[in-house]
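Form predicted alone, single chain, as structure tokens, below.
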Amino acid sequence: MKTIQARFISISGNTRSFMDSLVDYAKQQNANDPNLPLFKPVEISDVTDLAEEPDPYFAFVPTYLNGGNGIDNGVKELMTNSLGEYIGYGDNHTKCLGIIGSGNKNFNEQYCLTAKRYAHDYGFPYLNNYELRGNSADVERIYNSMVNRIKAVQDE
């Protein structure tokens, strides 16, 4: 396990900022223990060409909705569709080890709803979440959850 691969979308810059923090944290962990993996995120956007993923990866997605409450009267995803299309391309969904959601807890039941929907629709685990840009405890927790998920998959 040399590198943790991730695919993400960032609309307001919050997810991109969190990815930067994860890269830095993984470098620190790897410096202390070279057996721990580095973290390599790749941003997906509307201009990203759809491609088959060669390796297992994690997905990171914020929630932006337009219309419906996402619970009992529908949901219309807004601005994150390109990541969903990328995951759905070919067999990319089968390589996704899990998804991490982000959002604003002020939105109650809609918090991280896109990540939960992708997990349900594509059949991979909803692993974790963080609010807005996250904090250092979130970075550590999510890095460890990805490392543990990789170990669990390898032990299967």
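None of these values were measured; they are calculated from a predicted model. Don't overthink the numbering: it's just position in the shown sequence, from 1.
Beyond what is shown, the protein has a form predicted together with a small molecule; the following relates to that form.
Contact annotation: the small molecule lies within 4.5 Å of heavy atoms from the stretch 103-111 in the predicted bound form, the single such stretch among 33-41, 85-93, 103-111, 46-54. Using a 4.5 angstroms threshold between heavy atoms, Ser21 stays clear of the small molecule in the predicted bound form. Of the heavy atoms in Asn14, some are within 4.5 Å of the small molecule in the predicted bound form.
Although the partner is absent here, Val147 lies well away from the small molecule in the predicted bound form, with no heavy atom inside 4.5 Å. Among residues of the shown chain, Pro62 is one whose heavy atoms approach the small molecule to within 4.5 Å in the predicted bound form.
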